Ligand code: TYD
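Shown below, as structure tokens, is a lone chain in the form predicted alone; questions about how it binds or moves come after it.
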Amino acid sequence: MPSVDDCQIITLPKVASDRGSLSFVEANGSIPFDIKRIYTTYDIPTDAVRGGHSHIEQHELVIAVNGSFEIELDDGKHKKTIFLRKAYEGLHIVPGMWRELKNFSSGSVVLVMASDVYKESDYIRDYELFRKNR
């Protein structure tokens, strides 16, 4: 079974200049999975809680491209909270991990790169069912 310690911060390449900074993700290099879907979440109220689910097979890389927020990870036995605030750092969330995103700063934008297209069958949305299957 995966553990909260299997979820790690990945520092993306960063190119800085007097015109600003650029970070990037490249296939077969920057992250440990192929990207099949990218989405953003924005206009998030500061008191909102997002996520509240687990994936059966999908990997994700979550980045705070603007603002900051916390991700609470839960493997069914242990919990760990990660604070994201840098556009060149992403949290790799492995399959089988319950997650909740919260404590958003004003103007936060969440970027998610996922290893698969949207499939409702890959989601576990009931926490008790998640715990039962651990």
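The first residue of the sequence shown is number 1, and the count goes up from there. Note that this is a predicted model, so its numbers are computed, not measured.
There is another form of this protein, the form predicted in complex with thymidine-5'-diphosphate, and it is not shown here; the text below is about that form.
Note to self: Please tell me whether any heavy atom belonging to R125 falls inside 4.5 Å of a heavy atom of thymidine-5'-diphosphate, as the geometry stands in the predicted complex.
What the structure shows: Judged by the heavy-atom cut-off of 4.5 Å, R125 is in contact with thymidine-5'-diphosphate in the predicted complex.
Margin query: Test of understanding: in the predicted complex, would Y39 fall inside 4.5 Å of thymidine-5'-diphosphate by heavy atoms?
Written below: Yes, Y39 lies within 4.5 Å of thymidine-5'-diphosphate in the predicted complex.
Note to self: in the predicted complex, is there a heavy atom of thymidine-5'-diphosphate that lies within 4.5 Å of any heavy atom of H92, even though the partner is absent here?
What the structure shows: Residue-level check for H92: no, no contact with thymidine-5'-diphosphate.
Notebook entry, point to check: Does K102 make contact with thymidine-5'-diphosphate in the predicted complex, using a 4.5 Å heavy atom cut-off?
Noted result: Taking the distances in the predicted complex, the answer for K102 is no, it never comes within 4.5 Å of thymidine-5'-diphosphate.
Notebook entry, point to check: R50, H53 and Y118: each with a heavy atom within 4.5 Å of thymidine-5'-diphosphate in the predicted complex?
Noted result: Every residue of the spot touches thymidine-5'-diphosphate in the predicted complex.
Notebook entry, point to check: Looking at 39-47, 65-73, 81-89, 26-34, which one sits within 4.5 Å of thymidine-5'-diphosphate in the predicted complex if you count heavy atoms only?
Noted result: Residues of 39-47 come within 4.5 Å of the partner.
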